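Take a look at this one chain, the form predicted on its own, written out in structure tokens.
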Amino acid sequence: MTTTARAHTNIALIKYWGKRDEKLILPYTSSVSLTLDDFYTDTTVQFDPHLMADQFTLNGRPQSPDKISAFLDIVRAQAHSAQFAHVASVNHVPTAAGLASSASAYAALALAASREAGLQLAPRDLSRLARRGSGSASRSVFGGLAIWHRGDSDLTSFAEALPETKLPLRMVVVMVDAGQKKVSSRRLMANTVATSPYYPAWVKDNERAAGDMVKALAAADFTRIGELTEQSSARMHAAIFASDPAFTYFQPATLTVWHAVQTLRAQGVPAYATMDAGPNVKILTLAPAVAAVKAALPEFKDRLLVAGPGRAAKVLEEAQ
């Protein structure tokens, strides 16, 4: 048997930054995200009794299976199996766009591997499994809007879908710099937790913001949704900047985009900026305003991507 699954990447509106348990990937704070439609990973898994070790290809090229094997060990333990697997993944996520392909990758792997191993996991348990590969993958199990509850254990830290909104949400991704990050998000995340004097305050504020975001989404209050999105990102990066040594992902062009977003709002265009671990900016807006957002960024016209809400992870094919 082989099983192929697809999962879409997501953007955190209320951020996840910092683990209080590295092994279980338990976050310090809850987060809220929007799954995106055009960016996804397809992963095929086949357990093979003749294999002596796991095999992994990404976009057709052989890769080290170490991280994948560690994740598959969790699946094997749940399925009471010792078989190794062929894993083939194809990413349909733009390289260096700051779209966290690990979220779609591990959500797709979690679904394909668990099904191939004979497990029929409920969405909550599939989210918990995906979390063990990448924290943000817990949210990519679901389509549209999702909340990842921080919890305090493996059982209580999971994501779940939020009710659909009538708002025509769109995310405009601005590719400020396609180069490799100077500092990895994993390394910087740990350093922020360990050294930033602002981090405890950010955790407290961000947890409150997650609850406020759920209310704003339920009320379809785009202004409040946008404010919370921009605040969560700005405050996360403030905590990062206050780390020791001080560091920021911001580049001059990053600030150019932020200022353009502020100008758009002053003109009545619904637009709010957010960033993850990197210099690229995502702009949360509404479908009727996409043209105005793009027109305000002529210097980036060839480096703009537009996405809407994406679907939940799903099995594409199960074959003998």
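These figures come from a predicted structure and were not determined experimentally. A residue's number is simply how far along the shown sequence it sits, counting from 1.
In what follows, reference is made to the form predicted together with another copy of the chain, a form of this protein that is not presented.
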Location of another copy of the chain contact in the predicted complex, chosen stretch of 215 to 223, 129 to 137, 145 to 153, 197 to 205 [non-hydrogen atom, 4.5 Å]: 197 to 205
Any chance 235, 246 and 259 all have a heavy atom within 4.5 Å of another copy of the chain in the predicted complex? yes
Name the residue from 83, 165, 78, 231 that puts a heavy atom within 4.5 Å of another copy of the chain in the predicted complex. 231
Please tell me which of 49, 252, 288, 60 lies within 4.5 Å of another copy of the chain in the predicted complex, judged by heavy atoms. 252
Looking at the partner-bound form in the predicted complex, is residue 242 within 4.5 Å of another copy of the chain by any heavy atom? yes
